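Heads up, the chain below is alone and in the form predicted on its own; it's given as structure tokens.
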């Protein structure tokens, strides 16, 4: 794992960003860097993205490297996107006393959420979508993983701006091996979400109005189960924090200000 740490000497809150994919770096979180005006920021790049693989990037090992990193940090607020949000939910559900808040962005966890995701995935499926999925299955390389995201860009971003937004993935240093090894187990964490309901820490669930992975109705279902506050950002897709960073920063600032952070 590689970490970029931005210190704010006037804050005791540590906002730790956990990326999605699996196998994407923290690049999509970088537009939120102005949160460093108020908080300490930790951008985590999972093994295999901006650093070499030292072990198999399965779900357990990817989770362990996050847990190891935050174990000696106080006042942690985890902020995870998609797969990273599932990891953040998993870690927080273990009642780590140093985790004092949780922010999840567009993360499907329950059977209901994955059912809706799969239904949306099959809508308007073209031959190009079918072909690239077969290509990725047969030859799972990092470049083909990027190519797959490019073909599916309207699924992950606002279609009106997806041709520009997709650069956050095609310009990224990705790790398709993490996707291949970790994606299946990430769909088995419904009990972790349920266990958060009675955990007395602030929890915020953010999604985009146009998110086809986690549409607002599906996000409300997940938020209700886990005891989260829900926020929906207009005109945004699955990478809501990248497409609308200013709105995301405002939501996070307001959320963390209630926990003693600066607003």
Partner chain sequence: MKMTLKVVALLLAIGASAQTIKSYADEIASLPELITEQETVLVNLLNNGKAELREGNEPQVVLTEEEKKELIIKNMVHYIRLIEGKEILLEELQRQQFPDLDIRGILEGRQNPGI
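Residue numbers count along the first chain shown, from 1. All values reported here derive from a predicted model rather than from experimental measurement.
The same protein also exists as the form predicted in complex with its partner chain; that form is not shown, yet it is the one meant from here on.
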property: Whether 118, 156 and 187 all lie within 4.5 angstroms of its partner chain in the model of the complex by heavy atom; result: yes
property: Contact flag, residue 213 vs its partner chain in the model of the complex, heavy atom cut 4.5 Å; result: yes
property: Residue 151, heavy atom within 4.5 angstroms of its partner chain in the model of the complex; result: no
property: Partner proximity in the model of the complex: residue 131 to its partner chain, non-hydrogen atom cutoff 4.5 Å; result: no
property: Contact of residue 108 with its partner chain in the model of the complex (heavy atom, 4.5 Å); result: yes
property: Its partner chain in the model of the complex: contacting segment from 89 to 97, 67 to 75, 162 to 170, 131 to 139, heavy atom within 4.5 Å; result: 131 to 139
property: Interface residues of 77 to 94 toward its partner chain, as seen in the model of the complex [heavy atoms, 4.5 Å]; result: 82, 83, 86
